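One chain comes next, on its own, written as structure tokens: the form predicted on its own.
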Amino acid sequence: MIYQSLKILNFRNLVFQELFFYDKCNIFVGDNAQGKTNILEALYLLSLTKSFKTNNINDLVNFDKDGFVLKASFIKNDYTYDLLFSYENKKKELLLNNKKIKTLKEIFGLLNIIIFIPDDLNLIKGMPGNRRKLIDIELSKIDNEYFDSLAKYYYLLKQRNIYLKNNNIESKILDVYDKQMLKYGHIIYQIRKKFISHLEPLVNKYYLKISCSDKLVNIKYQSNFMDDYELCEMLIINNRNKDLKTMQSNVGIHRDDFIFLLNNKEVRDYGSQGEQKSIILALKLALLEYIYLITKDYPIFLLDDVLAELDLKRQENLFKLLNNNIQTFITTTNLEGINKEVIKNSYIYKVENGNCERVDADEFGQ
């Protein structure tokens, strides 16, 4: 998968940009708050129709403008796609090859992107919802059954929680909710479990290469669901009184968590900053490989200010792992620490005050 070009109009501080990309590595260099991350945000938004920085789409509109437009051309499996996302007068529109897209499912996973951002440390230290969200996004991209089951499960969960706040609750109605949620929840549980079992050895492979450590990484899947369908059903029934008292659903895959261990110790409690960063980066590289193994197509890799998050040794090890088959986009304040061969085989862009132009590396002393 390759991004060929991107046109930007009134997106954050990027008033107008037309960029053409290299199929290997693209490096955006500039001081903080100049617009480097905004370019990656635009690339990411076209993939999921959501930003990785904000849930409020109005935050993405350039000051004093009514909306923004993003238009990209990308290649997947030797076929060229044109994708346009516009937000004008409070209305979103998505066009794929000039055809209007009505539901996210129509394009979800078509333009596949893996991103590493500084806030990803919250995947280890933050709330379980952060980890579930990552797993849900990546699995939904490559598994239609998962996408459908997840959407149906969370719709039922929302309706069940609303119903639990009623004054007059009928057991028969809760039975209907529980039966359907059990059906979809068990599908989600099984797919998550299988996914983690395949992902864990890949994370270990990349953790070893990044950190040069022989410590073993484990991903522990914590769920109150289990393989036995009937036991799951009993668990839901046995928790009904608690649900009625708390007026919320206390059992189900919406409570799942994924715990990272290093030599059998929880990384969030005992891991150093360097170990935590290495595990997250290894996780992202593992996702790239896993998705390729399933789809036979590498996702695009976005690295936002990653060099500031890694020491020189880990930076060096990371660049050794960048696969020429994976188109990569990197933001950084300078080119120091980046392997000269990587720089030689990259497009370099200078970003300043919302303007981005391709330059020679020698402009930065390289």
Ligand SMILES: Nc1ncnc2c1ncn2[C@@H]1O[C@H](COP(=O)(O)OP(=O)(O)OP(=O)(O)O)[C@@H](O)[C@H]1O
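Start at 1 with the first residue shown and count on from there. This is a predicted model, so every value here is computed, not measured.
There is also a form predicted in complex with the ligand; it is not shown, and the following applies to it.
- Against the ligand in the predicted complex, the set F20, D23 and N97 makes no contact: no member has a heavy atom within 4.5 Å.
- Shown alone, this chain has one stretch from 319-327, 293-301, 336-344, 33-41 that lies within 4.5 Å of the ligand in the predicted complex by heavy atoms: 33-41.
- None of the heavy atoms of L45 is located within 4.5 Å of the ligand in the predicted complex.
- Taking non-hydrogen atoms only, N13 approaches the ligand to within 4.5 angstroms in the predicted complex.
- Of the heavy atoms in V61, some are within 4.5 Å of the ligand in the predicted complex.
- Interface membership of D305, defined by any non-hydrogen atom within 4.5 Å of the ligand in the predicted complex, is confirmed.
- Interface residues of 80-110, taken as those with a heavy atom within 4.5 Å of the ligand in the predicted complex (partner not displayed), are absent.
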